[in-house]
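One chain comes next, on its own, written out as structure tokens in the form predicted on its own.
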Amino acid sequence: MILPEYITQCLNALEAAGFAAYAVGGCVRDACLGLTPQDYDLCTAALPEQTEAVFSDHKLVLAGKKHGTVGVVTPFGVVEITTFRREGEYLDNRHPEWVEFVPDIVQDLARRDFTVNAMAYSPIRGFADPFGGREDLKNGILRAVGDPLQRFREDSLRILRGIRFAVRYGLSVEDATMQAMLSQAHLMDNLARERVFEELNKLLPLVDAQDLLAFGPLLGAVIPELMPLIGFDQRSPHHAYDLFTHVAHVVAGVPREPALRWAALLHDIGKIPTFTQDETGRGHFYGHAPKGAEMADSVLRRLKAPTALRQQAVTLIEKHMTRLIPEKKTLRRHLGRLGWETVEQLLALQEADMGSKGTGKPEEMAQFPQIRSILEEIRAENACLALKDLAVNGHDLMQLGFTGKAIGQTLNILLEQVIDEKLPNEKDALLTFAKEL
């Protein structure tokens, strides 16, 4: 494993002072996979005060000192160096009752979550891999360190982290680890919602349909609105898949943009409460889009998602059944009301939705290239789509004698006339029409 010079210098400084020191965790895992680590964490036998002394000629960050971490400021960023430690019970499923500094790297690695993260490397001492992380990486296995039940009871966020590691690195979850994830999933109710959202937001851009199907029950544990979708027969000739399988394919079918992925994940949660059957037994979901938007808003508020992401996802869900059609005037109207980003994301969501029914009817997809072609025409025309694009403004109307609400109302009428191509976006033509109003 080749380490950057500034990391090697930190390790050498600790070793020269008589303290064992290693690069540890994710940087070792990524290097073993042939990836370039994004950051480096170090661990050492030195106590925090001894680490301070070794790097007394550096600026230090001591906010984590009581937990054993000293940050050493280098020209390449802060390098966090943590004393080897072991931990007591996690009675609240999040924080250990006590932390004890130890001289042994093996005891330190024993407290970590998965074997692939429980490896350390020293240019002097070589690899420390007491739990077989390198072999598990080689075999594509995600395995908890030690007793998996204990690992997830200590911190149930490790369940979501485990899903993300499995998806990101193409690992299969070892059976005992998977069973422990499922049996301890209820403990995720104790997690801060922000932590859950942060993990899910990292996960969603990574997943494909098979990932979601494999981990659906675990996602349903933190988003209960998803659980009824799993295995739900839509009883419709337009859908060959059960509802959650359809959703999984829609998520995989849209670009890896967070708001769009959230919209895809939640776009059909309104189908369960709106489900009805007619006399033939066929299923219907009248009003599921607005209901789904309402439910998605509640989900994302509960998870404390950023406001902009929540609002964008909810808008996409609310509009996903308002089908875009290859008609220039109609598309101009949508662009004027929603903006380019939303229309383009809505088109991607509708295309994935239409293409994820499992019925294999390609004729349903023919409209989407046509719509994109028309959108490109509109973009090339630099068309007037919003009030800011109009050749007149409120000041112009005030000079004609308009006051109060009539100014905004008239500007909107003028915009509608331009979008419908009934008026050119020219100042004289618009003011003449405004005078007639």
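This structure is a prediction, so every number in the text was calculated from the model and none was measured. Residue positions are given as counts along the sequence shown, with the first one as 1.
Same protein, other form: the form predicted together with adenosine-5'-triphosphate, not shown, and the subject of what follows.
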> When adenosine-5'-triphosphate is placed as it is in the predicted bound form, which of 289-297, 244-252, 203-211, 106-114 ends up with heavy atoms within 4.5 Å of it?
Replying inline: 106-114
>> If the cut-off is 4.5 angstroms on heavy atoms, which of these, Glu351, Asp155, Asp129, Asp136, is the one near adenosine-5'-triphosphate in the predicted bound form?
In response: Asp155
> Which one, Arg256, Arg125, Arg301, Arg168, lies within 4.5 Å of adenosine-5'-triphosphate in the predicted bound form by heavy atoms?
Replying inline: Arg168
>> Let me test this: is every residue among Arg29, Gln38 and Asp41 within 4.5 Å of adenosine-5'-triphosphate in the predicted bound form, going by heavy atom positions?
In response: yes
> Is Arg332 one of the residues lying within 4.5 Å of adenosine-5'-triphosphate in the predicted bound form, judged by heavy atom distances?
Replying inline: no
>> in the predicted bound form, is there a heavy atom of adenosine-5'-triphosphate that lies within 4.5 Å of any heavy atom of His284, even though the partner is absent here?
In response: no
> Taking heavy atoms only, is Arg164 within 4.5 angstroms of adenosine-5'-triphosphate in the predicted bound form?
Replying inline: yes
